[in-house]
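Shown next as structure tokens: one chain only, the form predicted alone.
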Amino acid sequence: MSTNLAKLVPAARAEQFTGKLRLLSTLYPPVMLGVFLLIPLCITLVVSVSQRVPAGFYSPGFDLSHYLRFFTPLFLRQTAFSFVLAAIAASCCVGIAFPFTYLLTQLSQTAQVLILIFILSVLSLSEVIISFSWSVLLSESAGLSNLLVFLKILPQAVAWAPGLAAVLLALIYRTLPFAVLVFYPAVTRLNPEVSEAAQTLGASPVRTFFDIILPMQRRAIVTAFLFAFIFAIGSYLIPQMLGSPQHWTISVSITDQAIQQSNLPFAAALSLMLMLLTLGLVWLISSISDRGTER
């Protein structure tokens, strides 16, 4: 009797410990979601409807004028420009990253690892360093144009920054590693027999890539586009440092309102409107992609 009881007690404790561990693993995701997403979001919402105090921050209230100010032509035009710029940057990023990743997977395993480490090292660079580096490279005094003059491709050195091309180039540079990260697992899972079968039936490698490989990766392409789009539209230092005032995005205005103008309620309202519009666009693109996949 005592022996059976001695066996049952550790078993009961082990079951109790397993139950606590299961409860902890269940609660952990919603707790982290609440701490790092919902609470900051609620604080931003409260600040966005507060009343601005000149020479101060804000006082609690229910003021919707900050949201109404978003619908003025200045901020609507700037928001539209931001979305178009981010969409162009994301499209270019996907157009470069997908064939690059496909060709990367054709190399040896060692070469793949080395190239991936080199590409992912870009993620360790801050937006400040990226912006400053591109501003030097695209400058007139010490930039790439001097190299082109030396090679007699350009008659004289020119400055490409500040300018729209400089902003676009830096955004593509910053978002490209994220797109490669999305594409790599999907492309490595491709069955090589599919390509071999298509080429056995007479398809050229180029036609196999565009007619077989590309449609099979539709979901990965959409995911990579959305990743690049979200990172591009959230970037504010690159447009500010490499662009002229007419190239500044809505993220630059949010920073300007929060830091330079000390208008936290309006900055919070702009942030929430940008987040809602981005979520709406992500939902729209995902829905269209899912319908296309089902067909």
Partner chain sequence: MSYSINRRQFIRGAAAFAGFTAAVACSPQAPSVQTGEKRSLKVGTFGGFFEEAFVKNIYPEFTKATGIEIESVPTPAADAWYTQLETAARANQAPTDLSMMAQIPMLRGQASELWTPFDLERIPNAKYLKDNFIHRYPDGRVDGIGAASWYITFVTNKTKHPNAPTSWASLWDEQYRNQLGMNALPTGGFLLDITAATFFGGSKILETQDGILQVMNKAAEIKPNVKLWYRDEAQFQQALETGELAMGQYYHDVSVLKAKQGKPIQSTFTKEGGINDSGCWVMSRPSKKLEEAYVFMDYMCQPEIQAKLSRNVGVAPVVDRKDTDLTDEEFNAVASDISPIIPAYRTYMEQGDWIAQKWTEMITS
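Note that the coordinates shown come from a computational prediction; the quantities given were computed from them, not determined experimentally. Residue numbers count along the first chain shown, from 1.
Not on display, but discussed next: the form predicted together with the partner chain.
Visitor: Mind telling me which stretch in 88 to 96, 178 to 186, 130 to 138, 115 to 123 gets its heavy atoms within 4.5 Å of the partner chain in the model of the complex?
Guide: Result of the contact check: 130 to 138.
Visitor: Only one of 49, 230, 241, 267 comes within 4.5 Å of the partner chain in the model of the complex by heavy atoms, so just point that one out.
Guide: Checked against the cut-off, the match is 241.
Visitor: Verify the flagged residues 78, 252 and 261 against the partner chain in the model of the complex: is each one within 4.5 Å by a non-hydrogen atom?
Guide: All of them do, each having a heavy atom within 4.5 Å of the partner.
Visitor: Answer yes if any heavy atom of residue 45 is within 4.5 Å of a heavy atom of the partner chain in the model of the complex; otherwise answer no.
Guide: Although the partner chain is absent here, residue 45 would stay clear of it in the model of the complex, with no heavy atoms inside 4.5 Å.
Visitor: Is it the case that residue 110, even though its partner is missing from this view, gets within 4.5 Å of the partner chain in the model of the complex, heavy atoms only?
Guide: Residue 110 lies outside the contact set for the partner chain.
Visitor: So, residue 144 and the partner chain: in the model of the complex, are they within 4.5 Å at any heavy atom pair?
Guide: No, residue 144 is distant from the partner.
Visitor: Classify residue 67 as contacting or not contacting the partner chain in the model of the complex by the rule of any non-hydrogen atom within 4.5 angstroms, answering yes or no.
Guide: No, residue 67 is distant from the partner.
Visitor: Pick out the residues of 213 to 246 whose heavy atoms come within 4.5 Å of the partner chain in the model of the complex.
Guide: Heavy-atom contacts within 4.5 Å come from 236, 240, 241, 245, 246.
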